[in-house]
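Just the one chain here, the form predicted alone, laid out as structure tokens.
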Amino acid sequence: MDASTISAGALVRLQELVPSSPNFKQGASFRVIGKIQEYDLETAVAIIVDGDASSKVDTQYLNLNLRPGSLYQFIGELQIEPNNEGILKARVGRNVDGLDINLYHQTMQLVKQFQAEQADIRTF
């Protein structure tokens, strides 16, 4: 990929952004969704949760009014800190309150399944 190309962000669940995951790569572009658990106004870092997983999101470049308890979607690049903890450097964010999160996760699985099938077809 050309260095000037901006990725749309691979669809992942927060459970997939852990050090043991193959997705856990410096600079990789991801699209995540989660409920704001905490937000530090001084550092502009939010902690989002999805089920039993959580992740930090750096929101310093966003012009958003983040509300704890609300559901947000972020697109950004993963930065791996020296302590091997990932933080998503968000370049896009939006409030998605009202989204049926269970239906979203089901749809995400179907999209990934379709993409895997398409990748298999192209290898022949």
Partner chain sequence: MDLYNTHVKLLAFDFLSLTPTRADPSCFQRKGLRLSRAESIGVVVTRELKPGKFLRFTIDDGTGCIPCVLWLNHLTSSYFSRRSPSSVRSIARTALQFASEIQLGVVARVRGRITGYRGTVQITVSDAALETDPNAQVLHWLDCVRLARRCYDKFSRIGA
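Please read all numbers here as calculations on a predicted model, not as lab measurements. Residue numbers count along the first chain shown, from 1.
Heads up, the form predicted in complex with its partner chain isn't pictured, but that's what we're talking about next.
S.K.: Between the options Leu66, Ile80, Val45, Leu99, which residue brings a heavy atom to within 4.5 Å of its partner chain in the predicted bound form?
M.R.: Going through each option in turn, the one that passes is Leu99.
S.K.: Would you please decide whether Val57 lies within 4.5 angstroms of its partner chain in the predicted bound form, comparing each non-hydrogen atom pair?
M.R.: Looking in the predicted bound form, residue contacts with its partner chain do not include Val57, since no heavy atom lies within 4.5 Å.
S.K.: Should Thr107 be counted as a contact of its partner chain in the predicted bound form, where contact means heavy atoms within 4.5 Å?
M.R.: Thr107: yes, in contact with its partner chain in the predicted bound form.
S.K.: Quick one: is Ser21 in contact with its partner chain in the predicted bound form, heavy atoms, 4.5 Å cut-off?
M.R.: Close contact is absent here: in the predicted bound form, Ser21 is far from its partner chain, nothing within 4.5 Å, heavy atoms only.
S.K.: Heavy atoms within 4.5 Å of its partner chain in the predicted bound form: does Arg91 have any?
M.R.: Looking in the predicted bound form, residue contacts with its partner chain include Arg91, since a heavy atom lies within 4.5 Å.
S.K.: Can you name the residues of 20 to 55 that have a non-hydrogen atom within 4.5 angstroms of its partner chain in the predicted bound form?
M.R.: Counting only heavy atoms within 4.5 Å of its partner chain in the predicted bound form, the single contacting residue of 20 to 55 is Arg31.
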